[in-house]
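Given as C-alpha cells, the chain that follows is alone and in the form predicted on its own.
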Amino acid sequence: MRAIEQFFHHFGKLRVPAAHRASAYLQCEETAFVRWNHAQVRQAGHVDQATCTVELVFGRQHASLEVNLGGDAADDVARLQWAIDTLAETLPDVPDDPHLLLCDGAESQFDLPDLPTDPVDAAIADIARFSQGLDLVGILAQGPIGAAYADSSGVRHAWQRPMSLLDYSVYAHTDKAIKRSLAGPTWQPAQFAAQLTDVRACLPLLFVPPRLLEPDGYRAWLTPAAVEALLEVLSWTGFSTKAHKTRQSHLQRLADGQGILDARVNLVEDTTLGVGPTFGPTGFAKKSVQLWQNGRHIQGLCGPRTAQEYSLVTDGAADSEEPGSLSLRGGALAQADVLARLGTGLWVDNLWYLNFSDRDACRITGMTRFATLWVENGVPVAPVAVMRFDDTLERMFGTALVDLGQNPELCVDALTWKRRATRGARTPGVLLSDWTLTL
C-alpha cells in the first residue's frame, strides 16, 4: 500500500529533540463500501485513509497524539512534525510512568504480500445476481488494510492484507431473518452462492407460526457465529494477565483451578489467522499464545505494561490484553451430521445483546437472534420465538458440551466505526446437551 511506503519516508524526515525517543504507528485502508437493501445497491463509496499515532518519550515520561495523513508528502511531514513538537512541549508536565516498557532493539518485520486485483464491480454483480428475489440487506467492505510502525531506535514493521467482507441478512418478515457473513482475502462467489442456497431452503420455515418454549434447559446446536459471540464476551477480561493478577477476570475461578472445562476445549491466540497485524502499537511483535489447553487455563495475554509491572515477558498484546485472532480447535462433529446428532432441540443461528449476569461465575446472558429453529428428530420444523438464555461457561464448554464442529469457520469483525476492524476469530459450532433458556 502506498500509505505504508510514504509513512517510512515521512518518519525519516522528522526532527526529534535530543535525548527523546519518537515512535509512530500507522493504520491505513483503501476500502470500497457498498450498502445493500432489498438486494439493491443503496449507497456506494470509497475510503482511502491513513491515521498515525505519534508518541514521544523522555526518560519515563511519554505522551501521544493521533493525526490524519492526507497523501500530500509535504503536508503529512508537517503534521507529523507538529505532533512531535506539541508532545515535546507537553512532556515536562507529564508524570513518570513506572510501567513504561519500550521495544528498543526489536527485530523489524515486513509482511507485505502482493495485493491481488479484486475489483468490487465483480462482487456487486454477483451479489445482485445471486440474491434476486430476496430482501438482502447488508454491507460489503472490500480492499486492502495495513499497519506500520517506526521508531527512532531503528525498528520498522509493516503488514498488509487484502480483505473482502460481506456482512448481511436476508429478511423474511417482522423479526424473522437469516444473518450470514462471508470473509476472505478475495471475493468468493461460489461460497456466497452456496450460502444463499442454504438461506433459500431455510426461508419458508420462518413463515411457520413460531414455537413458544417454556423456560427450561434444551439440547442445542450453536453455530460458529453464535460461539464467536460468546468468545467475544469472554475476551473482555477473560484472557488478560493483568486481570488475572488483580483478580478481576471473569475466568478467575477456572484459572485458579476451581473448575475445569471439557478436555476438548483448546483456545489459542493465533497470529497466523491473518486478520490483523503481527505487531502492536508499541512495536512489540505479537506471538501466538496457548491460552487454554485440554480444558485447563495455561496463560493469559501479556501486554508490555503488564510485563513491566510484574516482571514478565510480553507477548506483544495490546494494553487491553484482549485477543484479536482467537482460535478454538474443532471437534469430531461433521456438519452433515449436526441435525441428526441434535435430534430434538434448538438450532441457534446467532446471538446478540450478550453480557454477564454473574461475572464471578462467568455466567453469560443474551438473546437468540433471527433464525433460531426448533428441530424434531433431526428435522427443522418451526422458528422459535425470541428467548433469553442464561448459562455459565463451565456448563456450556464443560459438563453440557457434547461435541464441537469438525470445521471451524473464520468470523471477521464487521465493525467499521472510525476504520475497519482488524480482528476476528476462528471457531467451530458446539453441540450442547442442555442449554438454559430463562424467559
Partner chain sequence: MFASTLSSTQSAAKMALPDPLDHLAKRAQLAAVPCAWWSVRGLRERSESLVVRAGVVEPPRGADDFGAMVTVLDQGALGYAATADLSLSGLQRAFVQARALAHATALCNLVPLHAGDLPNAVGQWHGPAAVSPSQLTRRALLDRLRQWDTALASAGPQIVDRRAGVTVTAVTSVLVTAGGGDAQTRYHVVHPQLEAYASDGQTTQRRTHMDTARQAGLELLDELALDLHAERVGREAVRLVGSANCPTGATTLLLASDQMMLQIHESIGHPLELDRILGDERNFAGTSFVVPEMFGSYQYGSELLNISFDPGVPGELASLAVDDFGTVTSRQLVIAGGILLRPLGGQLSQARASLPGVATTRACSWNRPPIDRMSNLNLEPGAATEAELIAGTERGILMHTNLSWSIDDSRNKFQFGCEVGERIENGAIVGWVRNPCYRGISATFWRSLNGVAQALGIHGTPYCGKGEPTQIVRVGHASPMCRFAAVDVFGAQSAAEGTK
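Here, rigid core means the biggest group of C-alpha atoms that superpose within 1.5 Å across both forms. Residue numbers count along the first chain shown, from 1. Computed from a predicted model, the values in this text were never measured in an experiment.
The discussion below concerns the form predicted in complex with its partner chain, not included here.
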In the predicted complex, the residue from Ala194, Ile298, Ala128, Ala334 with a non-hydrogen atom within 4.5 Å of its partner chain is Ala128
Quick one: from Ser153, Thr344, Thr186, Thr246, grab the residue that has a heavy atom within 4.5 Å of its partner chain in the predicted complex.
-> Thr246
Stretch in contact, per heavy atom within 4.5 angstroms of its partner chain in the predicted complex, of 153-161, 334-342, 222-230, 238-246 | 238-246
Is Asp319 one of the residues lying within 4.5 Å of its partner chain in the predicted complex, judged by heavy atom distances?
-> yes
Classify Thr272 as contacting or not contacting its partner chain in the predicted complex by the rule of any non-hydrogen atom within 4.5 angstroms, answering yes or no.
-> no
Does any heavy atom of Ser433 come within 4.5 Å of a heavy atom of its partner chain in the predicted complex?
-> no
May I ask you to state whether His99 is within 4.5 Å of its partner chain in the predicted complex, using heavy atom distances?
-> yes
Counting only heavy atoms, which residues in 372-397 are within 4.5 Å of its partner chain in the predicted complex?
-> Val386, Met387, Arg388, Asp390, Thr392, Glu394, Arg395
Ser169 C-alpha moves between this form and the one not shown by 2 Å or more, core aligned = no
Per-residue C-alpha change between this form and the one not shown, Gln40, threshold 2 Å, rigid core fit = yes
With both forms fitted on the core, give yes or no for whether the Cα of Ser235 moves by 2 angstroms or more between this form and the one not shown.
-> no
